[in-house]
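One chain is shown next in structure tokens, namely the form predicted alone.
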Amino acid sequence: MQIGTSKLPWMGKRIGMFGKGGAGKSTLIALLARALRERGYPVCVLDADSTNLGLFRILGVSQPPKPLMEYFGGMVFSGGAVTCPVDDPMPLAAAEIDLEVLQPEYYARSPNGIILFIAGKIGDQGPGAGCDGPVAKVARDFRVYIHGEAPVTLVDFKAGFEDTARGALTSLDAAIVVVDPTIASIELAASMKQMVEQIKADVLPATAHLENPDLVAWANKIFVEASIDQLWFVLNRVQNAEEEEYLRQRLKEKGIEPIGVIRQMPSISYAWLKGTPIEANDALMEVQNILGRLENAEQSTGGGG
């Protein structure tokens, strides 16, 4: 379904995907990217998971692009220019880029037009290369424009809570937490809810480790000016109605109402095993339904939350 971009309520949004390891973040990123393309959106996916190497295959891209970490000068731990946002919260220089002037080796395009960027990986950095905080800074600050217009950008963050604590949420318009049938996922969902509530309430970040007052000021500024407005939760890998009901009840106790549920499907597991695009029509239909509800909510509230 192709419609004018002026009628697309998610145009220009930056949406982050979070969850525990194995919850299905990358699966939902791939399904959501495809659903958005089918609705007429220009879509970019920013792979900011420093250890997952398979997302490009699931998107139907034959070869991964060079990481943006190289474009921005490399990690500070290897003598490069990109620092960890915890130690240096200052924004990454020249992080807003027009696709038309970016060297083509730094992005790839899937057969259905999804544009893929890779923030950086740590597997090729060698022993003792340091943490992957610089990857989180690229994910936080990178912006791309296509013919002067901001696409929808989906950011696949690393598993767990670490990038959230590094301030990755501050540059997003919305975040989606993928909850699989584990107690760890339920607890992570509750922690994400609390973190977003604190950011929206202008709670300042921890800065006791920063000796430079300018860096303290930057850290505070980034959190106070955070753009995140929405937090959604999607159940994934659910096997039956009893499991779904239990998950919903436990999340309700924490003030969380999921916006949708994706069932456990062998075809999704096979896609990850084979490194091929996901072919799961039921899952794609559910993601389309979720997207439709969210678009309607966006239009009815005028973008507010």
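Remember, predicted model here, so these are calculated numbers, not experimental data. In this text, residue numbers run from 1 along the sequence as written.
Keep in mind that the form predicted in complex with a small molecule is not shown, yet the notes after this line are about it.
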Option touching the small molecule, based on a heavy atom within 4.5 Å in the predicted complex, out of Ala35, Ile262, Cys44, Leu59: Ile262
Partner-facing stretch of 106-114, 229-237, 192-200, 214-222, counted where any non-hydrogen atom is within 4.5 angstroms of the small molecule in the predicted complex: 229-237
Partner contact for Lys20 in the predicted complex: the small molecule, 4.5 angstroms, heavy atom: yes
Contact label in the predicted complex: Ala159 to the small molecule, heavy atom within 4.5 Å: yes
Touches the small molecule in the predicted complex: Ser50 (any heavy atom, 4.5 Å): no
Contact flag, Gln249 vs the small molecule in the predicted complex, heavy atom cut 4.5 Å: no
